[in-house]
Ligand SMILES: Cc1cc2nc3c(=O)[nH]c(=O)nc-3n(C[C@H](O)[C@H](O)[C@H](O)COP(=O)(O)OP(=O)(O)OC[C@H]3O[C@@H](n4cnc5c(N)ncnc54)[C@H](O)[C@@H]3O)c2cc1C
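Shown here is one chain on its own, the form predicted on its own, set out as structure tokens.
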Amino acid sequence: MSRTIFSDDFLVQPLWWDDVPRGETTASDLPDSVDVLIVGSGFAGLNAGLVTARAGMKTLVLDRGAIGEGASTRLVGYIGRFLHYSIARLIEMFGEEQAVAMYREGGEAHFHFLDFVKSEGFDVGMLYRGRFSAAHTPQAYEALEENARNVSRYIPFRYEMCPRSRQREHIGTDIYHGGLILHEHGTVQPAKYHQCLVDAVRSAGAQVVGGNAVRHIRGRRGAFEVTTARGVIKTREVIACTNGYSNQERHALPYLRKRVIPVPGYQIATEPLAPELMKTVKPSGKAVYDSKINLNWDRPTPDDRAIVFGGRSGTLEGRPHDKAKQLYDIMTTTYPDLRGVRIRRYWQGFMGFGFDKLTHVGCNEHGIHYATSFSASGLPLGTYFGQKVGRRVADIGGGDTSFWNLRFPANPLFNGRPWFVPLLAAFYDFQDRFIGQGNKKTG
């Protein structure tokens, strides 16, 4: 296979790590006991830990790998209103009152994130230019418009439809059939945000320790005994925030292992582009999602010098160079002006989906709290729901949410190994190609 599409400095690692390198596996002494032990050092776990530590609780955040090595520093970095379903579908599932409350919280999570990073003084490399939800078929355009109208009936919602005749004002391609412009949307550099959180949690007095897998959790709320790779720790409270990595340790979190499906997502980053080319491909600088079920996405980097392009979620096609080539082919089909541009980075990470494709935050029968199943929206939702569960555990108020302890379905054929995910991805590809209505959500 030709390697001419790869730059001389090509690496298989997230572009975001160029600014904020990973690799820390803190070897500090571990306490014998704490008030709160948090499993997972991603956005949800760190936000929960920040709340409990500032509430005066002795807090320990543990991670199996290096701090921030998982999906939180691998994702695309979108912020906005995110829920997997259209509001009409949520009303069918939960009734109007509950569905509207849930959809409203999807927006609150976004605005909470904006207020939070501002109040903390975090430098997260934010671009707040809106998002273009690109319709891959005429039917998808109609579905996007219908759902946007439905949402605006219930909650304030800033959007406008962009017909195909005007889409080149925003994206440098003719492959789509117009789209929906979401004004309340942006992007951040996820590794920068993650590092800001790590620093804040440690400044609050908590320990954040990598390279120490949780192997077993015994006991109940108020008297847990947590066996880790480096010893046993007693704790009053356990908060599980492992999301797409809930299956990594077989016996650690069986409740989540049976309920959270790890779905791989793949991304590439281009070499630096000439300003004129960037302006051609990204005239308004907006992030993009297309409307497919098995969707593609892209965004400019915070310095407007390169493009991150992702997709092919759930598929298992070949080695890193092969996967990067597949994404490159999709990218250059979407944006023909990028043909000849080379790839500098390729990486993957695991998103966490519930069988119902809903976010779940609650406390199970053993007293283990959790915030998980963010369905590819872990940045705003992980921040918001991580803090919600932290407030619940700290008993300081402000932890109420319409998502609390929703029924969290499991499947007897699933115990952590996502054998069916590639089959679903193939089915979604079929639907995208031959049915064409897309995912119908407006996030």
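Just count from 1 along the sequence shown to find any residue number. Just so we're clear, the structure is a prediction, and the values are computed from it rather than from any experiment.
Just so it is clear, the following notes concern the form predicted in complex with the ligand, a form of the same protein that is not shown.
Given a 4.5 Å cut-off on heavy atoms, tell me which of 370 to 378, 48 to 56, 404 to 412, 391 to 399 is the interface stretch with the ligand in the predicted bound form.
Only one stretch qualifies here: 370 to 378.
Q: Taking 4.5 Å between heavy atoms as the contact cutoff, choose which of Gly362, Pro300, Gly130, Gly349 touches the ligand in the predicted bound form.
A: Checked against the cut-off, the match is Gly349.
**OP:** Using heavy atoms only and a 4.5 Å cut-off, determine which of Met278, Ala143, Val198, Ala252 is in contact with the ligand in the predicted bound form.
**Re:** It is Ala252 that has a heavy atom within 4.5 Å of the partner.
TODO: Evaluate Val39 for contact with the ligand in the predicted bound form, applying a 4.5 angstroms cut-off between non-hydrogen atoms, and reply yes or no.
DONE: Yes, Val39 lies within 4.5 Å of the ligand in the predicted bound form.
Q: Mark Leu60 yes when one of its heavy atoms lies within 4.5 Å of a heavy atom of the ligand in the predicted bound form, and no otherwise.
A: Leu60: no contact with the ligand in the predicted bound form.
Might Phe385 be said to contact the ligand in the predicted bound form, defining contact as any heavy atom within 4.5 Å?
No.
_Check Tyr245 for me: does it contact the ligand in the predicted bound form (non-hydrogen atoms, 4.5 angstroms)?_
The answer is yes: Tyr245 has a heavy atom within 4.5 Å of the ligand.
Residues in 207 to 222 with any heavy atom within 4.5 Å of the ligand in the predicted bound form
The stretch 207 to 222, when checked against the ligand in the predicted bound form, contributes Asn212, Ala213, Val214 at the 4.5 Å heavy-atom cut-off.
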